[in-house]
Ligand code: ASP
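Coming up is one lone chain in C-alpha cells, specifically the form predicted alone.
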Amino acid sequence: MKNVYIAYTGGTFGMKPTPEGYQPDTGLAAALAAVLPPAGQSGMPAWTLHEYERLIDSAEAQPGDWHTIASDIAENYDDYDGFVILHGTDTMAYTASALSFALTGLRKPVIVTGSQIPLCEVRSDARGNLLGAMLIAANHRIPEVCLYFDGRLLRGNRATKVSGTDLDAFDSPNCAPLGCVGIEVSIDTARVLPMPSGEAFELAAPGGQEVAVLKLYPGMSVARLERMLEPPLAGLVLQTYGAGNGPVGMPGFLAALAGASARGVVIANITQCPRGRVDQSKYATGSALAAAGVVGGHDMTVEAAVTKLHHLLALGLSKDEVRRRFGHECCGEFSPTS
C-alpha cells in the first residue's frame, strides 16, 4: 500500500472561526481521520500528518518557511511514496515555486494544496482538494512539485493565484495543466517533466538577501527606481510592459539599472502580461535593458522569478553565476523558446 506524507503548515484548510475571524487551529489529524476514506479503499493511501508547531496564515509566509518545508520533505523523502503540503492560498504559488528550486532532481510527487473554505464549514472545498492531491501523490509517477486545486493539477512554478473568491483560485496562463480530476484522474504524461536520473536537492537556508518587485507604470520617476535599487537590495524583479519593454528614453532610467547591476544587484525582467514572454531582442527598448545588465525572465510568473532569485542568492553564488542560472531553465519554470 502506498504511503503519503502530509505536511500541515497552516492556512484556511484547518482554520476555525474566532471573534477576530478565521485563524489556524491545531488537531487536524483527528478531523482528517473522520472525513477521509480508509486506507486501501479505491486507491486511498495510508497517510501520516505532520502538523507544524508554527501554523500560519500564508500571508505571513517568509523564505525561511520555504526552507523549513523543503527540509522536512528531504528528511522524510525515503519513507514515503508522495508528499502533500497543506498551505494557505495567498502565497501558495510562491511556496510551490520555491520548493521546485530547492528540490531539484525530485523523483516523487510533491503536491501543494489547500482550500478557499475551511474544512470545518459545510460547503468546504478542503476535502476534495486534499483527496485529489493524495490520490495523485500516491498513484502517479510525477517527478515535480505541483499545485492541485479544484480538479486541476498545475506545475507548481507556473501557477499563480487568480481569484480570492472563486473555488477555482489558481491558473497557469503560460503552461497547460498537467492533469485534471473529474470522473477519472487524467494525467497528461507528455507535459510532465522527464524522470531525473537522481535527486540533487539544494537546501540553502535564506541568508537575509533582499529581493524586491517593481511594476513599471506610466509616471513612475527615476528617483523611485533609484530608491528601490539602494542597498541592501540583492535582487529586483522588474515587471515590464509587453515583451519586456520599459521607458529607456527617460533620463537616468538606464543609468540607474546599469549602476545597480554593476554594484551586484541582479535585475530580472518579466512581463506584466498574464500571458506571453519577455524577449529582450524583439524591440530596441528590450535590447537597451539587456545592455544595462538586466536578465530576461522568459515567461516566468512573478512567484517563480522571486523565489528563483531568493534560491540562487541563498546558494552564495557569484552574481554573474546567479544571472546565468536565472536565465537557464531548471525545472520547467519557463517555456522553451521556439
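One-based numbering along the sequence shown. Keep in mind the model is a prediction, meaning the values are calculated, not measured.
There is another form of this protein, the form predicted together with the ligand, and it is not shown here; the text below is about that form.
Of the residues 245, 261, 89, 174, just one reaches the ligand in the model of the complex with a heavy atom at 4.5 Å or closer; this is 89. In the model of the complex, the ligand sits within 4.5 Å of a heavy atom of residue 115. Using a 4.5 Å cutoff between non-hydrogen atoms, residue 51 does not count as a contact of the ligand in the model of the complex.
For residue 33, no non-hydrogen atom is located within 4.5 Å of the ligand in the model of the complex, even though that partner is not displayed. Remark: residue 279 does not count among the residues lining the ligand in the model of the complex, judged by a heavy atom distance of 4.5 Å or less. Proximity to the ligand in the model of the complex, taken as heavy atoms within 4.5 Å, picks out 57-65 from the listed stretches 265-273, 289-297, 57-65, 42-50.
In the model of the complex, the ligand lies within 4.5 angstroms of at least one heavy atom of each of the following residues of 1-34: 11, 12, 15, in sequence order.
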